[in-house]
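Below you'll find only one chain, the form predicted alone, shown as structure tokens.
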Amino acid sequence: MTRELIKGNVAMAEAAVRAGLEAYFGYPITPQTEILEHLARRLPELGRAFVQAESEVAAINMVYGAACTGVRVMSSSSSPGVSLMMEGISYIAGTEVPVVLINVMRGGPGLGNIAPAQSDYNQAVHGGGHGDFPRIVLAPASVQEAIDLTVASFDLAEKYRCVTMLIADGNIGQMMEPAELPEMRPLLRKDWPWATNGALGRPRRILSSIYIDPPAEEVANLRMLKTWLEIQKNEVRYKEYFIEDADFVVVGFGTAGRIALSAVRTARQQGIKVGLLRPITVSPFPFAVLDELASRAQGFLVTEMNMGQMLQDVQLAVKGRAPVEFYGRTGGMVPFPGEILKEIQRMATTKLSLTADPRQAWLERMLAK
């Protein structure tokens, strides 16, 4: 295998093809449209299904139908497009069929802009549709990681019969980096015991998210909770950098985490003992890792391209045992390494205190610029 210069959106699309994607349904929206464009060419030439639907609502319901037949199916969109898919995502989750979704996030709220952001964290991790259901959410920080996690998404979705979502901000989708694509997997359709793929010679299979009887709905929800607890036990993924002797820990995912690594390396050169924890699965979140770090770190800095959505999960893990500071950029703005470095330097030279909401101090510093 050789590395090639490839755009993130194209890389994720081709990785899905090589992972065995059989059907794609989507609707164009910047900054993820290259995923749809690449699959519009690749899937038909391989004899697989591609449909540009009339809307995101139509696309996710086509995905739902295809997933019930047991094929590997995917859709992709960007922030407001994913919002339109939410009802369908909940139906898919309630039916317990495997689906992969890619959200290349943009600035918002509302129509916003097409610049990169991470403001769909709450939507993906804590929202994602009505009702009780778990979902796996993966956050790449490079084109190579986007490739690897796209492939992993299909395996995870099928293993746990759940929705697996990959959230990549517009930077990841639009940047070009050297990366290695996987070998093409043979297209082997599995005869899942739940799939509605023709009833000749066997009993009928019925898939539905409708449980009219409340006790039956509760049984289904408890079954999904059991699956989620298994996911939490087995599928937490993260990267650690310079954590062993760190007095301060920066926490960032995706592009924000990648930028923070540059700041951490510079701070290390200046003699500041700082490390980085970069969650790869933001759902399930690495609570146990942060819980252990909180027992020895002097302080945490959460950095995100939003107004502090992951911050609340970090605070939940730290449980008030150490100060948690915040630095974010929002609305499509991307932090520079020097900005995060200044925050690290401030933490290393200032007496930190526990505050109810570190976003207040961050907001005051931002408005004072």
Partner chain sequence: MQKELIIAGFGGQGVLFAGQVLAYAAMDSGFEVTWIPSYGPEMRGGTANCTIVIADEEIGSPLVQHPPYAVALNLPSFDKYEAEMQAGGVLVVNQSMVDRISRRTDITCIFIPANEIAEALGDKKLTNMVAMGAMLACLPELSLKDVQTALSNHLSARHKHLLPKNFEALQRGCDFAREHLAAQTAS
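All values reported here derive from a predicted model rather than from experimental measurement. Numbering follows the first chain given and starts at 1.
There is another form of the same protein, the form predicted in complex with the partner chain; it is not shown, and what comes next is about it.
A.B. asks: I have Met86, Gly128 and Lys233 flagged as a candidate spot, so tell me whether each of them has a non-hydrogen atom within 4.5 Å of the partner chain in the model of the complex.
C.D. replies: No residue of the spot touches the partner chain in the model of the complex.
A.B. asks: Of these, Arg265, Arg185, Lys273, Arg205, which has a heavy atom no more than 4.5 Å from the partner chain in the model of the complex?
C.D. replies: Contact check passes for Arg265.
A.B. asks: Taking the partner chain in the model of the complex as the reference, which of Leu181, Ile243, Val289, Ala115 has a non-hydrogen atom within 4.5 Å?
C.D. replies: After the contact test, the surviving option is Ala115.
A.B. asks: Based on heavy atom distances of 4.5 Å or less, which listed stretch (132-140, 165-173, 221-229, 93-101) is in contact with the partner chain in the model of the complex?
C.D. replies: Correct option: 165-173.
A.B. asks: Can you check whether Val334 is within 4.5 Å of the partner chain in the model of the complex, heavy atom basis?
C.D. replies: Val334 belongs to the contact set for the partner chain.
A.B. asks: Is Ile259 close enough to the partner chain in the model of the complex to count, meaning some heavy atom within 4.5 Å?
C.D. replies: Looking in the model of the complex, residue contacts with the partner chain include Ile259, since a heavy atom lies within 4.5 Å.
A.B. asks: Does the partner chain come within 4.5 Å of any heavy atom of Pro323 in the model of the complex?
C.D. replies: The answer is no: Pro323 has no heavy atom within 4.5 Å of the partner chain.
A.B. asks: How about Pro31 - does it come within 4.5 Å of the partner chain in the model of the complex, if we only consider non-hydrogen atoms?
C.D. replies: Answer yes; at least one heavy atom of Pro31 falls within 4.5 Å of the partner chain in the model of the complex.
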